[in-house]
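Listed next as structure tokens is one chain, alone, in the form predicted on its own.
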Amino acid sequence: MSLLKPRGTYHHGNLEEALIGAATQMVRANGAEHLSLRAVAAEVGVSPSAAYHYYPDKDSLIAGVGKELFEHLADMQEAASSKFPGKNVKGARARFRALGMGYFEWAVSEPNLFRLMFGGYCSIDFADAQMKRQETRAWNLLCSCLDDLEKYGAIDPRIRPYGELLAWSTVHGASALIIEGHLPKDSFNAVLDGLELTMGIRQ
């Protein structure tokens, strides 16, 4: 997914994509609270009624942006973890750390988009099967990584049932605190070190 859609790129047949691209660019610059469907339509160069055909209100547009952003986050984490393919403790540990670092780097590079995803603007409807698949791909990457850590004897099996919640809440919380200026950026590696010690991850 392209997170930047320059003005004037709309052609017949890809209006939905153009609206999402323009909305993403506006949120990146000014935050979700300043987004409006009319402004997005104007940016793309179409009438509000044309935009309403795809997104009847601001909430539905934000949900569409959120879907794309969750996919992009998963793509980034997948690319980061795929650099460490080893089927052993070292590889599993490196993938675990890469997932956390990928999450953090996404958050600090796109703070307004991160706030849109996790700041109450996007509600996840898990009754929607397609939405569930999209929203949980990053979660499934974490699950697979933790399974590998257990498989290769890098963590105590007793900690495994708590792994996803412990890892995600720690990484997300630290990322949010750093974005909002409550922790220095260079503290994130120490957060990962502490998470590994807490979970008993062995090298």
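Since the structure is predicted, the reported quantities are computational estimates derived from the model, not experimental observations. Each residue number is its position in the shown sequence, starting from 1.
What comes next is about the form predicted in complex with a further copy of the same chain, which does not appear here.
- The contact with a further copy of the same chain in the predicted bound form, taken as any heavy atom within 4.5 Å, belongs to 177 out of 143, 177, 42, 50.
- The candidate site formed by 70, 162 and 165 is fully in contact with a further copy of the same chain in the predicted bound form, as each residue has a non-hydrogen atom within 4.5 angstroms of it.
- With a 4.5 Å cutoff on heavy atoms, residue 15 does not count as touching a further copy of the same chain in the predicted bound form; it lies far away.
- a further copy of the same chain is not drawn, but in the predicted bound form it has no heavy atom within 4.5 Å of residue 28.
- Although the partner is absent here, residue 120 sits close enough that one of its heavy atoms falls within 4.5 Å of a further copy of the same chain in the predicted bound form.
- Contact check for residue 60: every heavy atom lies farther than 4.5 Å from a further copy of the same chain in the predicted bound form.
- The stretch in contact with a further copy of the same chain in the predicted bound form, judged by heavy atoms within 4.5 Å, is 165-173, chosen from 42-50, 61-69, 146-154, 165-173.
- Along 178-198, residues 180, 181, 182, 183, 187, 190, 191, 193, 194, 195, 197, 198 each place a heavy atom within 4.5 Å of a further copy of the same chain in the predicted bound form.
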